[in-house]
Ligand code: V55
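Single chain ahead, written as C-alpha cells, the form predicted alone.
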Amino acid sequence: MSRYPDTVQFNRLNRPIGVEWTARNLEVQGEIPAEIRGAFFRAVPDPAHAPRDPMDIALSGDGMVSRFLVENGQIDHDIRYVRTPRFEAERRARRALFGKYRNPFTDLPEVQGMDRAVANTTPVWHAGRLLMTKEDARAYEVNPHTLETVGRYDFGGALRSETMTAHVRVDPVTGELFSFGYEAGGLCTDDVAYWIADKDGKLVSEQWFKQPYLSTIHDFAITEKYAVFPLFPTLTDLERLKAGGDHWQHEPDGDSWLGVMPRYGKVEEMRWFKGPKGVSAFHFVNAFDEGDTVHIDICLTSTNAFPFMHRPDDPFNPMTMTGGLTRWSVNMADPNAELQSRVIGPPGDLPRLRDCDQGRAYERFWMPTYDPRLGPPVSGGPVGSCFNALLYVDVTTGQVLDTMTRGPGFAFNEPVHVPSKQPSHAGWILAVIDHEIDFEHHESELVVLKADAISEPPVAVVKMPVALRPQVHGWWVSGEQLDQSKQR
C-alpha cells in the first residue's frame, strides 16, 4: 500500500507518527517531587511504513522505545525505533516487506525466514539490562542511556526458547526473573518454555511443557511457591496461516484452563484446572498463596476484547461483553480440587501493582477502566478504543478507593508506580494521558499523581510538544538502577 489504511488501527490516536525525536527540559506545570529520579520507559508500536495488508493492526507496528528521564525536578523525553532486522530491511527497501500480523506465509520472498520481531509491547528491566519484548519473538536489548539497539537477547546464548513473553515477573526479594515463551519451538508449536534467571541475569533453569491447546498465553504470574499459567480459548492453526488467514480466532465455546506448578519445581508437577467457557483475559494483577490455596486476580471478560481475534462467523459485539476483576483460586492440597471463581472488583485492564507486592498477598493496585458516563471512548490503542478513567482499587474489599477522570475525549495509558523513600508514603503514579482535539489532532501530557489520592489535581503536568502514539506497556527504572546498568 502507498498510504496507511483509514481504519481504527491507523487513524485518530493510532495515526502513525514515525518520528524519532528528543526534547530537553520540558516545561513542567507544578513541581516534580525531588525523590522521583529515574526513567519511565514505554513501548510504542509505530509502523514506519504503510502496511501491505489493508486490515493490518496496531500490534504489527515497529517497536519504539520512549523514555521520560526525570532528575532534579526536570524531565527530558526521547523516542527511538528498535533496530530489529525487520525494521532495518524495510528501512532499506523504503516500504513494507512483511505481511499479515504473525503470519510469515504472507511475507514477500526476499524476507522469508527473517526474524519478524518488532519488540513493541513491554520494556523489561532486569539485572541492569533494558529489554524490549513482544511475545512472538525473543527480546531485543536497548541501551537505556542512548536508546541505541544492542541486539537480540538470549541470555548469553543460554536460552533455547524462540519466544519470550512481554510479561515477566521479577521477585522483589530474590531479584530473580521468572519468564516463559509459548510457541517456543517455532510457529504453531504447542511448546511452552518456563525459565528463571537469577538476580544477576544468569539463566539458571529452562523447562518445556505442552499446553492443553494451541492458544495465546499473554501473561502469567508467580507466588512465593508457585508459577501460575491461565489459558484462554483464543487459538491458532497452522493450516489457516498457510492459507493466508489470521493467527488468532477466539472459540466462544472453548474451555479456559489454569496450570499451576511449583515455581522451583519440575514441569511434570504441573496441575491443570478447568475454568469457565469462552472467557478471556490478557493481564493479571497478581497471584499469591494463602496456606495451601493459590489465588490469581485476573482482568477477566466474557469474550476476547480484540475485534480482530474473532471468527468471521462470530464477530465481536462490545455491547454484550461483560467483565470484572475476578479471583481464581485452587487448593493445591486437595487432589480433587476444582477451580473456584468469583468477581472481586470492577472491570478494567492494564493493572499496575507495587513492585514490592509481586507474588505476595496485597491490598491495592491501579487500573485504567472505561466509564460510559463520560461519553464514547476515544478510538486508539491496540484494542481500538481507549480507557477514560483511572481507578485505585482495594482488593480486600472490592472497593474503588479513588478515581481520576478528565472528561470526554481523554484517553488513559497504563500507569507506572514510583515508590517513595518515606515508608508511610504511598508513592507516586506516572501516566500519559491523550486528549483528542478532533479526529485529525490530539495532544499528550505526562501527569504525576499522588498514588493514594489520584483524584486530586496532579502534582505535576508535562505538556508534550509532539503528540504521542498510545503505548502498550511501561516500566519504571529508578535512578539507582540506571546507575548500575550494563550499558553506558
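Each residue number is its position in the shown sequence, starting from 1. As the structure is a prediction and not an experimental result, all values here were calculated from the model.
There is another form of the same protein, the form predicted together with the ligand; it is not shown, and what comes next is about it.
Remark: Y101 counts among the residues lining the ligand in the model of the complex, judged by a heavy atom distance of 4.5 Å or less. The ligand in the model of the complex is approached by L59, whose closest heavy atom lies within 4.5 angstroms of it. In the model of the complex, no heavy atom of F229 sits within 4.5 Å of the ligand.
Heavy atoms of N120 reach within 4.5 Å of the ligand in the model of the complex, making it an interface residue. Segments offered: 281 to 289, 329 to 337, 151 to 159, 254 to 262. Contacting the ligand in the model of the complex at heavy atom distances within 4.5 Å is 281 to 289. Note on the partner interface in the model of the complex: the residue among E135, D246, E90, E206 having a heavy atom within 4.5 angstroms of the ligand is E135. A heavy atom within 4.5 Å of the ligand in the model of the complex is found for one listed residue only; from R86, R352, H218, R80, this is H218.
Of the residues in 297 to 326, only F306 comes within 4.5 Å of the ligand in the model of the complex through at least one heavy atom.
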